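Quick setup: one chain, the form predicted on its own, written in structure tokens, and binding and motion questions come after.
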């Protein structure tokens, strides 16, 4: 694996690879890697000749400064995992390298209602920060394929919308959620939980399963209340939302009516905010 810290040196290497007509795949991360990230690397290998992973904790997408400061940094272990999983290139830039003009007065992206609902509602400015960093990273890497985890489902839709305008030539793929044995979605934030809380946090997946198993029989509002009760009874401190939405638009729905629904949850346990989702019918994500 080759490690690059500057856009200039990375781009010189990429020019050589493109001259050989090699397909380049990109997996952007914020580090603190786990098996979920590695599943993105594996999926990238299936479609591409060259696998590039970036590690960059993006300050502009944290609406809570404390959350940014507490984000786990495990770079030595990250490098080890990437090397053992045969990643070709690691891009590990500084904040100044990505935001050459600073992090004030950033570009505004037209995301429509997507940045005002669910995560957008509870994390104002978050998706503008996500789009700003991805706009910069995609301009630097210019990959053929981009691979994202489906756990951040709304982020996937937001980036898909942004890319339709600025990077329509890049293929974007959402990869299935990787879970612990108890069903808890793998996340870098899990590192901040005690073992007891990790076990209790599995109830977020149980709540999603409850919705999925009863979606065709029970009233959606009642299902959301039952899912919320399951979370609170199992140690979650606060719930931002339990929602059932159309998977293509993320607008709330109250009946199936031929829709392709997805259930989404955001809740706190031990002060750590976790998100998860589950597709309630089979759909193919483009």
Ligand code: AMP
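Predicted model, so just to flag it, every value in this text is computed and none were measured. Positions refer to the first chain, counted from 1.
There is another form of this protein, the form predicted in complex with this ligand, and it is not shown here; the text below is about that form.
Using a 4.5 angstroms limit between non-hydrogen atoms, residue 40 touches this ligand in the predicted bound form.
Contact check for residue 177: a heavy atom falls within 4.5 Å of this ligand in the predicted bound form.
A residue is said to contact a partner when one of its heavy atoms sits within 4.5 Å of a partner heavy atom; residue 30 meets this definition for this ligand in the predicted bound form. This ligand is not shown here, and in the predicted bound form it never comes within 4.5 Å of any heavy atom of residue 99.
Of the residues 149, 93, 120, 129, just one reaches this ligand in the predicted bound form with a heavy atom at 4.5 Å or closer; this is 149. Comment: this ligand is not present in this chain, but in the predicted bound form one of 167, 109, 145, 71 has a heavy atom within 4.5 Å of it, namely 71.
Stretch 150-158 is the answer when you ask which of 75-83, 150-158, 112-120, 193-201 has residues with heavy atoms within 4.5 Å of this ligand in the predicted bound form.
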